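As a starting point, one isolated chain is supplied in structure tokens, in the form predicted on its own.
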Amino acid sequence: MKNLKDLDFKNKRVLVRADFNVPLENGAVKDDFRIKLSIPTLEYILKQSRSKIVIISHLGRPDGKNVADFSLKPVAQTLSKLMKKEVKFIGGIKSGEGDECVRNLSDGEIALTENIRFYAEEEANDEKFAIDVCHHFGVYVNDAFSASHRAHATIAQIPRFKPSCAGFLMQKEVEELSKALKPAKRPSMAIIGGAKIETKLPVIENLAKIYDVVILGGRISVEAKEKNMKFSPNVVLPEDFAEGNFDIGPKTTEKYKMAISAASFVIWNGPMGKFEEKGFRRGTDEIYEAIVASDAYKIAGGGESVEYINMKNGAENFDFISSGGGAMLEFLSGKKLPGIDALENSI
């Protein structure tokens, strides 16, 4: 897989696939975490002589329709502030206006197009659509790791037609999560929580083969006990729960904290309970504090885990925080992501 330093961006229009699927509130960006992660890649490209950038991204699930609530216009405004540079907004990359704007971008300019999922062809992984989107561009950069588990047109198709590479974020995600699949330090521990046991089961089963211990919390651990699910001997389920099963109990919390203190490599995905409510936050609070206090190499990821860490302003306490939710889970379950596969086989 090529990286930014492997390609020449001078005097080229560059198409960047980002993941700006961020929460909006009252028409404004509520959390700019993912937007900030894209900036190093954008700045690197713009430093190359006479380069110009068009960014494509999705937001939400508009089901191939133009839905005002899923517009990326507020993201363009936030990105402009973060980069201290005007980011033009293109209402539709396949429109006549969009086509003209792309062709007329001046050197050093940057633009963001409207939500790519407003086109049904995106999620249909349509080849012609991908060609239509990328035909004005000399280079394609995928910096959207968190969307790269989707076989969508702007993820899986474009690298077939344009010289392509990973952006800095994509490169870092692959490097760090590859470390997580081969933990260099022992003992190694995976902490898996959250909801939807069916989405977490492949990760639990794969990491149980790799890690010394896998501890479970959150709704997935409740479901696992209710369904009497069987795991490898090194997968540990809670001994007790808080009232209503909305958090791990005090005995489990103490047991998990002791185990974390002995670990040298920790990966964490998913809270221990319903942390959004203060009454059910204790388990997640104490597990987080134990991870932070540990001397282990620390990786975290997953939407709720990142939300919790940001709530604590705790990002600096981790060696790496993944931007991926489903993509992180699929990568850690041992699957090849369509976006990574496309880059590895790019022209």
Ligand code: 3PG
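So that there is no doubt, residue numbering starts at 1 and follows the sequence shown. In this text the structure is predicted, and so the values were computed from the model without any measurement.
Another form exists, predicted together with the ligand; not displayed. Remarks below refer to it.
- When contacts are judged by a 4.5 Å heavy atom cut-off, residue 34 counts as touching the ligand in the predicted complex.
- The closest heavy atom approach of residue 117 to the ligand in the predicted complex falls within 4.5 Å.
- For residue 150, a non-hydrogen atom is located within 4.5 Å of the ligand in the predicted complex, even though that partner is not displayed.
- In the predicted complex, the ligand lies farther than 4.5 Å from every heavy atom of residue 278.
- The listed set 30, 65, 61, 47 contains one residue whose heavy atoms approach the ligand in the predicted complex to within 4.5 Å, identified as 61.
- The contact with the ligand in the predicted complex, taken as any heavy atom within 4.5 Å, belongs to 146 out of 269, 252, 146, 164.
- In short, of 284 to 292, 39 to 47, 307 to 315, 53 to 61 it is 53 to 61 that has heavy atoms within 4.5 Å of the ligand in the predicted complex.
- Applying a 4.5 Å heavy atom cutoff to the ligand in the predicted complex picks out 19, 21 from 1 to 30, in order along the sequence.
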